[in-house]
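Just one chain follows, in the form predicted on its own, and it is written as structure tokens.
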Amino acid sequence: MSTKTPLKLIAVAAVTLSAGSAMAFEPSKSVEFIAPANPGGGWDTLVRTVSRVLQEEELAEQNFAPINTPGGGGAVAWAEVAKDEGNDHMLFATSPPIILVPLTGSSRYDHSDFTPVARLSTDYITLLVDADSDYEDIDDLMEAIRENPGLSIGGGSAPGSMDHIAVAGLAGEAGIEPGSINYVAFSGGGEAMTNLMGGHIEAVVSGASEAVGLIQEEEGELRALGVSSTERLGGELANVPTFEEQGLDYTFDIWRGVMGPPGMSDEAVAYYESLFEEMLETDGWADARDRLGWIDAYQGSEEFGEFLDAQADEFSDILRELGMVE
């Protein structure tokens, strides 16, 4: 009896081994994990939290190195990432500005120019004032704006982007012309809060997670007037009432996720998808999520990409209604 292996079986085995090897991607060096803003904002919080949990839970052999690339409400970072086509060792944090900033013409790159990797969580907005402010609730602030439309509301994203849209929508629900809001854009949430504490602006619209360290405690430097969730959040934000509780039928959520450069390999996408899905099941992530007031909202690459396309359609309609785009 012949002991030779048929050539056909050898060929099949070779193809199988080749496919298996191709799927076995793992980073061979440190992964650049970009926050498209200054330290202290929502993107920065996401990047540093994810990097820390991955390390503490020993989920990845290579380091995920946080890098801040501020400017243009995200546009500066996106332009840099777009140049690195096919780089499997680069990721960036993303949220609604990846849709909104390009729609208002402030970036030549939009979500379709990058590789969706995974959506991780949902956050909500909060409206912050100085701890010593006379405004006790959201109605106090809205009434002050009615009397003095020039009062400035700061945010960490560009005009026409996430923070602006959020506060404009809230004002509209309160009976104030959305386009009349004096929105002041800063390069990140951290800078916006610094200006609030310095008395340069009246209030700040911010992701709730960005404000956790500065509110709630007796010695806190800022005070939250409300959150845009349907129910009160837990953790450090448990005592902050929703806008709905205060008579304004208004909610707004801030999804947060991860994208890569254009042309990222399918193998790298599959690796990162699996990594982040596993991370969301760890105690380290649960602790951070609950402390920051985030809610898990995982989507893999394909589903996340479809979600981004739908968001683009939805935000186009909103901006048009607010007179911010034609």
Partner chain sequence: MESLNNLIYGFGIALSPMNILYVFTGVFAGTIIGMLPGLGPISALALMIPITFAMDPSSGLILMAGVYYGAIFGGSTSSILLNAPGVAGTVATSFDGYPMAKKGQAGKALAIAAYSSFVGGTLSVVGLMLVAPLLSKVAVSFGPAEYFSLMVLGLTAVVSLSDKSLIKGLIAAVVGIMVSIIGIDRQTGTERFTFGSAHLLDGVDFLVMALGIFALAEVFYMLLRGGGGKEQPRNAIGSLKLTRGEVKEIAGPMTRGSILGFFTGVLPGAGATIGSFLGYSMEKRLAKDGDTFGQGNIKGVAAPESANNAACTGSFVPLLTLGVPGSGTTAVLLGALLVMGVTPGPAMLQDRPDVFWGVIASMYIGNIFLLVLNLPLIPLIAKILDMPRALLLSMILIFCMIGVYGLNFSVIDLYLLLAFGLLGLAMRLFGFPAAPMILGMILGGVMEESMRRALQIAGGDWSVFVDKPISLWLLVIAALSVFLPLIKKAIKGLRLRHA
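From a predicted model like this one, the values you see are computed outputs, not experimental measurements. Positions refer to the first chain, counted from 1. In this text, rigid core is short for the largest set of C-alphas that superpose within 1.5 Å between two forms.
The same protein also has a form predicted together with the partner chain, omitted here; what follows describes it.
Candidate site Gly71, Glu191 and Asn195: all three near the partner chain in the predicted complex by heavy atom within 4.5 Å: Yes, because Gly71, Glu191 and Asn195 each have a heavy atom that approaches the partner chain to within 4.5 Å in the predicted complex.
Option from 24-32, 271-279, 47-55, 254-262 whose residues, in the predicted complex, bring a heavy atom within 4.5 Å of the partner chain: Stretch with heavy atoms near the partner: 47-55.
Leu322: touches the partner chain in the predicted complex, heavy atom cutoff 4.5 angstroms: Although the partner chain is absent here, Leu322 would stay clear of it in the predicted complex, with no heavy atoms inside 4.5 Å.
Contact test in the predicted complex: Gly156 vs the partner chain, heavy atoms, 4.5 Å: Answer yes; at least one heavy atom of Gly156 falls within 4.5 Å of the partner chain in the predicted complex.
4.5 angstroms heavy atom contact with the partner chain in the predicted complex for Phe92: Phe92 lies outside the contact set for the partner chain.
4.5 Å heavy atom contact, Ser133 and the partner chain in the predicted complex: No, no contact at 4.5 Å.
Option touching the partner chain, based on a heavy atom within 4.5 Å in the predicted complex, out of Tyr124, Phe186, Phe243, Phe114: Only one listed residue qualifies here, and that residue is Phe186.
Answer option from Ala75, Leu103, Ala82, Ala174, heavy atom within 4.5 Å of the partner chain in the predicted complex: When the partner chain is considered in the predicted complex, the option within 4.5 Å is Ala75.
Rigid core superposed: Pro159 CA moves 2 Å or more between the shown form and the other one: Where the cores coincide, Pro159 still shows a C-alpha shift between the shown form and the other one that is 2 Å or more.
Shift of Ala131 between the shown form and the other one at or above 2 Å (CA, core fit): The answer is yes; the displacement is at least 2 Å.
Threshold 2 Å Cα movement between the shown form and the other one for Val81, core superposed: Result for Val81: no, shift under 2 Å.
Pair Pro149/Glu314, Cα separation in the predicted complex versus the displayed form, closer or farther by 3 angstroms or more: It is closer: in the predicted complex, the C-alpha atoms of Pro149 and Glu314 lie at least 3 Å nearer than they do here.
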